[in-house]
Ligand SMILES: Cc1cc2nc3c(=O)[nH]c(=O)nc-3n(C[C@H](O)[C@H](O)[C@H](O)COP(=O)(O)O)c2cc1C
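Quick setup: one chain, the form predicted alone, written in structure tokens, and binding and motion questions come after.
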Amino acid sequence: MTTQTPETIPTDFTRLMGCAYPIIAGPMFLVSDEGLVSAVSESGGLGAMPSLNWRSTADFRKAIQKVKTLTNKPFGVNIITNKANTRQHADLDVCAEEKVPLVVTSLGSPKESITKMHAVGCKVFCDVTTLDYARKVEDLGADGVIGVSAGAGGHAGPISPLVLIPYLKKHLKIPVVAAGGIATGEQMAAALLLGASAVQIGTLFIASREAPVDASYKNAILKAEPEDILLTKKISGTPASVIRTPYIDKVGLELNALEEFLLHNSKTKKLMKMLRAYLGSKTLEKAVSGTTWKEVWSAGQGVGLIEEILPVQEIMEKLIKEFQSAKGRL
């Protein structure tokens, strides 16, 4: 059965953000650069990038300005809003000044982000893993939530997407984006059927021609199975999904007793979080950019559904065709 790729897939998310398709390319540390972000947005989705992918706030501003030269379509920026991110306020100021269409907040209160971005007519979505937190951000004025479920790359949530998405949809008035293990158009159709207004896809875009990562990382995604995705606290102190490698086996998945004590002690907690974030980012940076014995590759369970490295445009076209085919079967 042949299906024609639609010009748009209208949902609450696409209407709110002004994009053709309800697909966010998840903001990935050291992966989402200006080229990848703009390619996704140009293809009808919404590309997003973490502000911390750049070494300084000044460099981050230049990255936003470069994206604007590559596309006039909407894009997004992820800002870590916990105390360990000492740049969050400066980076948020840049987002407001540059009028970034969408800010996605993670790991902290979105209150300041909502106030500043709404003042310049821009939107804020918040990563959530529980209904309790989702209700809090809705009350603060968030425009939507990204329901990060089990199977996601990076900091995954504990709840199955089959439960989390309709659960959030049932209790919230704002749009819900489904995130976690999504790598096909069929899954996208399922997410929208469950009540999502869009999907956030990360790992699939690491296996794109545009992703600025070493070939060994992309090949690891092609070879990995869902069983190879492990949750480790060793990177940031918070459970994060990575591909199993000999290095991960060697260092283990849990913090030792001293690390746990320092991470939860009121006097050392902030410093420990900052230290873990710094050390973790350095390890990830080396693994992403070249061959190293410290192989730490962030990925979600969707690896089992990824079989080839394609240009972003082809990835998007494939997702939409699969989505249309799934709709037809329903």
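Note that the structure is a prediction, hence the values are computed from the model and not measured. Note that residue numbering begins at 1 and tracks the sequence as displayed.
There is also a form predicted in complex with the named molecule; it is not shown, and the following applies to it.
Enquirer: Would you check, heavy atoms only and a 4.5 Å threshold, whether residue 134 touches the named molecule in the predicted complex?
Expert: So residue 134 does not count as contacting the named molecule.
Enquirer: Even though the partner isn't displayed, in the predicted complex is residue 167 close enough to the named molecule, meaning a heavy atom within 4.5 Å?
Expert: Heavy-atom contact with the named molecule at 4.5 Å: absent for residue 167.
Enquirer: Do residue 29 and the named molecule come within 4.5 Å of each other in the predicted complex, heavy atoms counted?
Expert: Taking the distances in the predicted complex, the answer for residue 29 is yes, it comes within 4.5 Å of the named molecule.
Enquirer: Using a 4.5 Å heavy atom cut-off, state whether residue 113 contacts the named molecule in the predicted complex.
Expert: Close contact is absent here: in the predicted complex, residue 113 is far from the named molecule, nothing within 4.5 Å, heavy atoms only.
Enquirer: Quick one: of 201, 188, 117, 128, which gets a non-hydrogen atom within 4.5 angstroms of the named molecule in the predicted complex?
Expert: Of 201, 188, 117, 128, the residue with a heavy atom within 4.5 Å of the named molecule in the predicted complex is 201.
Enquirer: Does every residue of 74, 101 and 197 put a non-hydrogen atom within 4.5 angstroms of the named molecule in the predicted complex?
Expert: Heavy-atom distance to the named molecule in the predicted complex: none of the three under 4.5 Å.
Enquirer: Okay, which stretch from 136-144, 188-196, 117-125, 201-209 lines the named molecule in the predicted complex, with non-hydrogen atoms inside 4.5 Å?
Expert: Checking each option against the 4.5 Å cut-off leaves 201-209.
Enquirer: Residue by residue through 35-70, tell me which have a non-hydrogen atom within 4.5 angstroms of the named molecule in the predicted complex.
Expert: Only 50 sits within 4.5 Å of the partner.
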